[in-house]
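In structure tokens, the next block holds one chain alone, the form predicted on its own.
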Amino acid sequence: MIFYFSGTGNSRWVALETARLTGDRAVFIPRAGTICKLRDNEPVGFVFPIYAWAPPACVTAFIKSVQFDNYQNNFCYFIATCHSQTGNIDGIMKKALAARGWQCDAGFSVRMPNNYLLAPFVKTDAPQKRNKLLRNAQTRLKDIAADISRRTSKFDLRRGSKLLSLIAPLFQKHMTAKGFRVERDKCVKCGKCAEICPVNNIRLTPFPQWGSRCEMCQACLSVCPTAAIQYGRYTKGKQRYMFSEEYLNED
């Protein structure tokens, strides 16, 4: 069983593609529930994006709370999607799983197009680079799926410096939904931001308003058809990104 979290679609596609290649099933973490029944010898996978060189908060919260029915030392792995580096993600995941008495047998990273817009001088990839990254990811997932099917214990990651993961607590503390704002002259009140929010943190009144459960996935910002949603000072004028399988076939 593959448990995944995704905002703009990168990790969702990776989870679904991995499930297809391995004959497994993929479950969206916000809808997974707290008790999950495993099949005999079924691998347990976690797929998620890297946020400040760590998993999204909801992923670690899920690991702390989920109960596995029929767990018998099943092969356990993770796949982290990132644009550059993963930091100490293997250390973080090993610790989180060990706290539940589960062994982390393998970990992989898959490089995907950039969707992070909240920092200066950071923008989404040009179409040619974006499409190339996705085609490379498609090839890489075939190799990862083969390792999972063989129950290969390995950690194949774009780590960079493990010290980068020390930034994660600061990110989770200070990067909150308070930074979102709406340019009301552009907002068409379509509700797409509320519909796509993976944790149901947005309501229309009639303009979008954010609650306190934000995962900073940027799905709302990226899906807005008029780019009316901004965050802080650095998102205005930047091209947004949402995953589309059509990119896999573009030049």
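Owing to the predicted nature of the structure, the values given are computational and were not obtained by experimental measurement. Note that the rigid core is defined as the largest set of C-alphas that superpose within 1.5 Å between two forms. Numbers for residues come from their place in the sequence shown, where the first is 1.
What follows is about the form predicted together with a small molecule, which we do not show.
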Practice task
Answer yes if any heavy atom of C82 is within 4.5 Å of a heavy atom of the small molecule in the model of the complex; otherwise answer no.
Solution key: yes
Practice task
Mark T18 yes when one of its heavy atoms lies within 4.5 Å of a heavy atom of the small molecule in the model of the complex, and no otherwise.
Solution key: no
Handout entry: Partner proximity in the model of the complex: P49 to the small molecule, non-hydrogen atom cutoff 4.5 Å
Key = yes
Handout entry: Interface membership of N131, the small molecule in the model of the complex, 4.5 Å heavy atom rule
Key = no
Problem - Segment assignment from 139 to 147, 113 to 121, 70 to 78, 96 to 104: heavy atom within 4.5 Å of the small molecule in the model of the complex - result: 113 to 121
Handout entry: Flag for H174, CA shift 2 Å or larger between the shown form and the other one after aligning core
Key = yes
